[in-house]
Structure formats: structure tokens, C-alpha cells
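Before any questions on binding or motion, here is one chain by itself as C-alpha cells, the form predicted on its own.
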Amino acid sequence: MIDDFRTLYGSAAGVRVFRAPGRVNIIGEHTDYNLGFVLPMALDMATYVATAPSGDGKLRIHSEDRKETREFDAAAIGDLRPEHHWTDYPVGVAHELTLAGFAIEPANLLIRSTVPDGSGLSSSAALEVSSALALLNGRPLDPLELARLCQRAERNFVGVPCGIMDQYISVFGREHSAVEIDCRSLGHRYVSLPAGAAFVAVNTMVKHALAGSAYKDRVAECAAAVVGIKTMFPAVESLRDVSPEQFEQAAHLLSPVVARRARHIVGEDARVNRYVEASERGDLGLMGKLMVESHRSLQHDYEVSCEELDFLVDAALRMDGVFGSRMTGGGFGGCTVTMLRPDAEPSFRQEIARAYQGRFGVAPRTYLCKPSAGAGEYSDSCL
């Protein structure tokens, strides 16, 4: 990558490389912006940003994947506005850094990523966090504030009302562990996964156009549910505060659609907690069952699945060695995540690809999900 940086910019003097991983969410979908619980793992698929001073007042950002370079006046980053372009992610991060009191230093950036774009494995957060580290270039920033700053960039500049899960796990990931995140307190604990479980993500290779607008709709519908439930239970500030019993008592106050959205969130928070307890006991059967329950809730109550995702889940559940499967990410395409016996992983990847291609005429990509370390500088010790 440093050689490519030198080829692109003519010099690699002072170059540093920063890395931020993508993630797969094992369970806890759409609960983060409801201040609930999630259980993601950081992946060994990551976005890398090489950076060195430009010396001419410019901030240049080059994406290898898109084969495109954009150039900005570093001193005027705070004046830029969104362009609905991929550079909105790093520029949004730069914008938030200026608001936090960091000057954007003139620099050349080279971006390389192994996180598949549009897959539901959080390529956007990996780009945001790695870009932030590159723009900071060694200047210290508290890890939690780093995650929050990158979330603000996506919410305020890019315009996606996301929760904090993706940026948080990209910063706080750990090898061999999933991370249970409390999206209200922003605390976390590391969760060891049983040795008898492997995780495989399967990419539908599609992302339906409905995804962006439906995400914003779900945020609004959850907010409407809080307003309705609060009339019966005034202490409720978010759906995180609602127990399954309280929801059943208050459901009649909500429209049918809003009630279904709330039912998913309330049930999903409970599933995350039960999944963590089952993992600590090594109860693979219950872990798989909870994943399937999560998918059915996302399919029928939250309505963010699609034909391709449902097919992959249903096909996986018929295969040998599979404990459970569900969609992961925002929905309407992207990936499923399947928990299975480690010895069944090679045959599963072959069979699921064959089944999906036979049904949709598209070869899906599959990824073995290995819990990985969080973001940081990619030093010689990493090579």
C-alpha cells in the first residue's frame, strides 16, 4: 500500500497507515438507535487509509476501489456541504473534527478496503473511523469520543440517522470476542463465543433502493411508539425502557404498523440478553433459536428483510451443522449471518452458494467471520 501511495502521489515520506474493521452483528438489529442492546463482532475485513502531509494546503482523498481522487482546500473543510458522494463520509468526519477543535492538516490520503460495499458489514463506519484516525494522524482522541464523532459525521453530514453500533464496534472490537454494547450508557462488555460455533456471512449481492428511506421511516415509527406508550408508562424515554409485559398492555394505543415495529425492538433487546447468557453457558441450540426468532421478527414485524435474505435463511436452516441464521445490518439486501459447527463451514459455503445461484442466478460471496481487533495504526507489528 505504501508503494501504491508513492506511485499515486510521487512520495511516501512520512506515510502512516491506519485501519478500522467492518463488523457483523450477531443479534440486536435496529435496537441501537432505540438505545438498546446489540452484540456485534469486529471483522478481519477492514478499511485502510494511508496518509502523509501534502505540503500544499490541499486535502486529497483517493479511493482505490472507485479509482477516483477528490481534492479540497484543507483550510475550508468546515465550509463544505454534502454532495451525496462517497467522499461525504471522510469529509463529514473532517467537518466534525473541525467542530471538535482539530485543525485539518493538508494531507494526501489513499483508501483501500476489504469490507464489501453495500453488504451490511458496515463499510461506511470502517471508512469513517479509519479516515478519522488518518486525519488525526497521531493526535490523541478518546476512543469513545472517536466513535461518537464518527456517528455524528454520518448523522449530521451524510444524513443517515444511524445508531452508534457500527462506529463503536469498529473502535472497540477485540480478537476472539463479540462485544455487547449498551447503546444508552455506551458501556460494553466482551463476550466469549463458544468454541463449537463458527459464523459465516453470506452476501446477497443486492441492495434494494428502499433501504435508505425505510431506515428513516423505522426511526420515525419507533419514536411514534414511544409517544404512545408513554401515555400509559410516563417513565418511558425510549423503547429500551419498555418490558415485553408493558408493551402488551400498551400495544392497543398504537397503530398496527407502529405496534409491530415496537414489538420487534422490545423483543430484540430481550433476545440479545438471552443470547449472551446462552453463550456463556455454551447453549448452542438456544443461541441458534434466538437468531431465527430475530430474523422472523425482522421479516414480519419490522419488515426490513427481502426475498433474497429470507431465501438464504430458510436454505441455511435446512443444512447440516447449522444452529441458526438471520439477516444482519439494515436490511433490504446485504448479508445474512449463520451460526454453525466449525467442521460444517466448508460444505455450508459451497451448498448455500449453489442454492442461491440456482434460485437467483447470482453467485453470492461468503465470508468466515473472525472476531478482530478494533481500529488503530497499522504498524510493523501487524505485518
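Everything numeric here is computed off the predicted structure, so don't read it as measured data. All residue numbers are counted from 1 along the displayed sequence.
The discussion below concerns the form predicted together with a small molecule, not included here.
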Q. What stretch, of 80 to 88, 159 to 167, 270 to 278, 229 to 237, brings heavy atoms to within 4.5 Å of the small molecule in the predicted complex?
A. 159 to 167
Q.
Give me the residue from Tyr356, Phe348, Phe332, Tyr33 that has a heavy atom within 4.5 Å of the small molecule in the predicted complex.
A. Tyr33
Q. Taking the small molecule in the predicted complex as the reference, which of Phe199, Phe172, Phe247, Tyr215 has a non-hydrogen atom within 4.5 Å?
A. Tyr215
